[in-house]
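The form predicted on its own is given below as one chain in structure tokens.
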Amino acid sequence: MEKLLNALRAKGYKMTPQRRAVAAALIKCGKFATAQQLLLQVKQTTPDVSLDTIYRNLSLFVKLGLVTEIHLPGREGNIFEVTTNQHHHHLVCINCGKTECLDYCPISSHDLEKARERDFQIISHALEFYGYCRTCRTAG
């Protein structure tokens, strides 16, 4: 949590009680928390926080690169994880929403060079692979 808070301070953002509570909830909920799960966690210590406050803070955290938002097609809402130092991507089941980290990057330096040739400066990238997990494949 301190890493998140220090990064916010370093970028000139105030440490509001709500921001601190959302950061703590992200750590406590672990990987792949929904905004609704974060709200339930935050309400344990800060009962007057709204879902809108959760989303505003998540949006800021994502914009600053402190949190990764993973899109879940066909589901209500997305999931969030605290950005780690280890660059990775995700496998997402479009049936049950199960998400796993892919511990390598399939984007080659050659692919990135193509963007530079077009005078485009890439500062980051995210990639999710959508399909069906083993459980959903065998159940259907």
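The first residue of the shown sequence is 1; numbering continues from there. Because the structure is predicted, anything quoted here is derived from the model rather than measured.
One more form of this protein, predicted in complex with the DNA, exists but is not displayed; see below.
### Task
Consider the chain as shown here, without its partner, and state which of K28, R56, K31, H87 has a heavy atom within 4.5 Å of the DNA in the predicted bound form.
The option sitting close enough to the partner is R56.
### Query
Of the options V67, V49, V92, L38, which one has a non-hydrogen atom that comes within 4.5 Å of the DNA in the predicted bound form?
Selected residue: V49.
### Message
Considering non-hydrogen atoms and a 4.5 Å limit, does the DNA approach T99 in the predicted bound form?
### Response
T99: no, not in contact with the DNA in the predicted bound form.
### Query
Would M15 show up as a contact with the DNA in the predicted bound form if we use heavy atoms at 4.5 Å?
Heavy-atom contact with the DNA at 4.5 Å: present for M15.
### Query
Can you check whether N78 is within 4.5 Å of the DNA in the predicted bound form, heavy atom basis?
Yes - in the predicted bound form, heavy atoms of N78 and the DNA come within 4.5 Å of each other.
### Message
Taking the DNA as it sits in the predicted bound form, is G74 near enough to touch it, meaning that at least one heavy atom pair lies within 4.5 angstroms?
### Response
Yes, G74 lies within 4.5 Å of the DNA in the predicted bound form.
### Message
Residue by residue through 106-126, which ones have a non-hydrogen atom no more than 4.5 angstroms from the DNA in the predicted bound form?
### Response
Contacting residues: none.
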